Ligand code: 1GP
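Below you will find one chain, with nothing else, as structure tokens; this is the form predicted alone, and questions on how it binds or moves follow later.
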Amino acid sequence: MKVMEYIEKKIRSEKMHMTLIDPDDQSPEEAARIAKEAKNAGTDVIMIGGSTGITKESMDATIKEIKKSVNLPVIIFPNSASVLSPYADALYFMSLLNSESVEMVIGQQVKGAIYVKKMNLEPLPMGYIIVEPGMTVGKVGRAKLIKRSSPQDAVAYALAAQYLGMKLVYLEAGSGAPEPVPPEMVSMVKREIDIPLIVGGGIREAEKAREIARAGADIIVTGTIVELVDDIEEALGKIVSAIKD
């Protein structure tokens, strides 16, 4: 089954949880341990990526170790075309829609397209939208941040993504954000689009995750929490249970 088919089938019956692992933050072996604990906690997909510091070598090594440990889909969450790996199941072929840099909107995608084909990676076309505070990804991506008080702007970008033929929309507050995307914004966006909505950034507590899921997010992404807690399985388990209730 293709990864996009897996996602579409899964969200017809329940909310999804994805765990983001940054190859720059630990060894491939440690990343594999995190992925295994995340799977035990009920996560549905492992995402691999980060804003800075990733090399193709670390990406390859991390994905290979994770694939030895878990049988979940592994999706690359790329910061550039230089980190693509043939060992993943798919990648977000994403455009940072509210970037002021053409390179982030389409430049890196052009550079990477031929390698996606050669590596036989499944591309998942996605509109990526950065919301305040944006954190590192907002700075690196030169994003003109969506203000938390302007959910209508997020709706406009999300609809543009859908009308351009993208299969997913991702609202991102930024890794380590003090607060996630406002639930009101999530709700407004979900009411207007017909494609799956992903929300990530600043979601570290079960209650916050439940609130975002109930607001309309189809998929919740958590990443920073796996670096902050000793018992990943317990912490993620609470979040996964909260969004799937």
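Because the structure is predicted, anything quoted here is derived from the model rather than measured. Start at 1 and count along the sequence shown; that's the residue number.
FYI, the form predicted in complex with the named molecule isn't displayed, but the following is about it.
Engineer: Which residue, G42, P28, G176, G216, is the contact with the named molecule in the predicted bound form, using a 4.5 Å heavy atom cutoff?
Structural biologist: Of G42, P28, G176, G216, the residue with a heavy atom within 4.5 Å of the named molecule in the predicted bound form is G176.
Engineer: Can any non-hydrogen atom of Y157 be found within 4.5 angstroms of the named molecule in the predicted bound form?
Structural biologist: Close contact is absent here: in the predicted bound form, Y157 is far from the named molecule, nothing within 4.5 Å, heavy atoms only.
Engineer: Does the named molecule come within 4.5 Å of any heavy atom of I203 in the predicted bound form?
Structural biologist: Result yes; I203 sits at the interface with the named molecule in the predicted bound form.
Engineer: Tell me, yes or no, whether F77 is in contact with the named molecule in the predicted bound form, where a contact means a heavy atom of each within 4.5 Å.
Structural biologist: Answer yes; at least one heavy atom of F77 falls within 4.5 Å of the named molecule in the predicted bound form.
Engineer: Using a 4.5 angstroms cut-off on non-hydrogen atoms, would A235 count as touching the named molecule in the predicted bound form?
Structural biologist: The answer is no: A235 has no heavy atom within 4.5 Å of the named molecule.
Engineer: Hey, with the named molecule in the predicted bound form, do Y92, Q162 and I193 all fall inside the 4.5 Å heavy atom range?
Structural biologist: No: no residue has a heavy atom within 4.5 Å of the partner.
Engineer: Of the listed stretches (53-61, 195-203, 182-190, 32-40), which one has a non-hydrogen atom within 4.5 Å of the named molecule in the predicted bound form?
Structural biologist: This holds for exactly one stretch, 195-203.
Engineer: In the predicted bound form, which residues of 37-68 put a heavy atom within 4.5 Å of the named molecule?
Structural biologist: Nothing in this stretch is in contact.
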